[in-house]
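To begin, one chain is listed below as structure tokens, in the form predicted alone.
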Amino acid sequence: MVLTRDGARATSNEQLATTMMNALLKVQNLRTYFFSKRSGRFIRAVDDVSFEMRPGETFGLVGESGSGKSVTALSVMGLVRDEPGVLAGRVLYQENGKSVNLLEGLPNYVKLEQRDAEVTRLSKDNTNWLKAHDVKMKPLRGRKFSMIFQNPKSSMNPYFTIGDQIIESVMWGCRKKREEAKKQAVDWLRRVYIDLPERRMQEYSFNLSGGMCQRAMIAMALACRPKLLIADEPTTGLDATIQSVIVDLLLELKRELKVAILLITHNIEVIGRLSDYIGVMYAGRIMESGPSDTVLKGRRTARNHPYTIGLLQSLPGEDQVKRGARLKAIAGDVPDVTDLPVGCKFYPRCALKTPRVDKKCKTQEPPVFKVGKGHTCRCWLYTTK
């Protein structure tokens, strides 16, 4: 059973097909674990994550480092190689009225035993799963899905010129001959506002600034006009001025190409500028999701998750800067995902728990509550019982 965008439940194949009519991508109950040899426990990096995206829409995943945002993106792209990796869930991609589950056949490679939601025994034929999955993903990566990685300089091959890398991407993804691909590569460098594109084609990544390298990565990712762009921390490591340039560029390309963007970042201001919908991740789970303007209100009256409120209150406001006041920090530390609390994962750090729900918070994990139109929240504060 899964929740649709408006919070309704889809319980049958017919209902699920209806909810997919307008969706480009629908992720359902995704779980990606790794094994920690040091602790002998599973790292629950992504734990029962669900969301959906429509064509031309930006869905932003925000949260502290270690919350599972990047692993979610890599799981969708089929780029998780560490064992055991993706264990369960569905990644449904739809085009021209046809829907395909990119994780089809996964249960044939995984044997999973649980007790009280805790994995007690697990075996997975990861090698053969990756071989089978790569066959399914090969025609999609670079053509239907593209990805911008966190560090553009380390993501580009320092032994090949920028031009050669973009040309190769266009030749493979767009099935172009080299001369045609070269013209397309130059055109895309120009479109992302890189000066002297013909000259930059001959340069290597280490010759370019971080911002220029990031724009070259965006050109490479969008050159074949994919339906979905995954942008993993596209502004990390760049100064404030260049961050703004990259955000403006993504907004412009989104409007022009009508590409859907899965945006991964811990920068709430970037999320606010780019996203139509937002998912707030904590300890491998989406704690709150909804329209951008609703989630970012950050007031108790807006029925936000306490974690979302804490993130928003940690941002410096104009009044705070003038008064020289300290920023509000979320108490406590990011949880160890190998040993999460039994009840609400945010309970140890929550500043808004009340006597009415304290026992539930401590002992029962909250389900997803519908708290508004298209707005859901995992928090016992919003139950009437």
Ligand SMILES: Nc1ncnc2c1ncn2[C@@H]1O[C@H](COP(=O)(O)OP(=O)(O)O)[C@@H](O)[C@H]1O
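Predicted model, so just to flag it, every value in this text is computed and none were measured. Residue positions are given as counts along the sequence shown, with the first one as 1.
The protein also exists as the form predicted together with this ligand; that form is not presented, and the subsequent description refers to it.
J.: According to a 4.5 angstroms non-hydrogen atom cut-off, is I286 in contact with this ligand in the model of the complex?
T.: Taking the distances in the model of the complex, the answer for I286 is no, it never comes within 4.5 Å of this ligand.
J.: Contact with this ligand in the model of the complex for L30, defined as at least one heavy atom pair within 4.5 Å: yes or no?
T.: So L30 does not count as contacting this ligand.
J.: Using the partner position in the model of the complex, report whether G66 sits within 4.5 Å of this ligand, counting heavy atoms only.
T.: Because a heavy atom of G66 falls inside 4.5 Å of this ligand in the model of the complex, the answer is yes.
J.: How about D82 - does it come within 4.5 Å of this ligand in the model of the complex, if we only consider non-hydrogen atoms?
T.: Result yes; D82 sits at the interface with this ligand in the model of the complex.
J.: Consider the chain as shown here, without its partner, and state which of A216, V71, V280, L250 has a heavy atom within 4.5 Å of this ligand in the model of the complex.
T.: By the 4.5 Å criterion, the partner-contacting residue is V71.
J.: Go through 325-333, 38-46, 22-30, 52-60 and give me the stretch that gets within 4.5 Å of this ligand in the model of the complex, heavy atoms only.
T.: This holds for exactly one stretch, 38-46.
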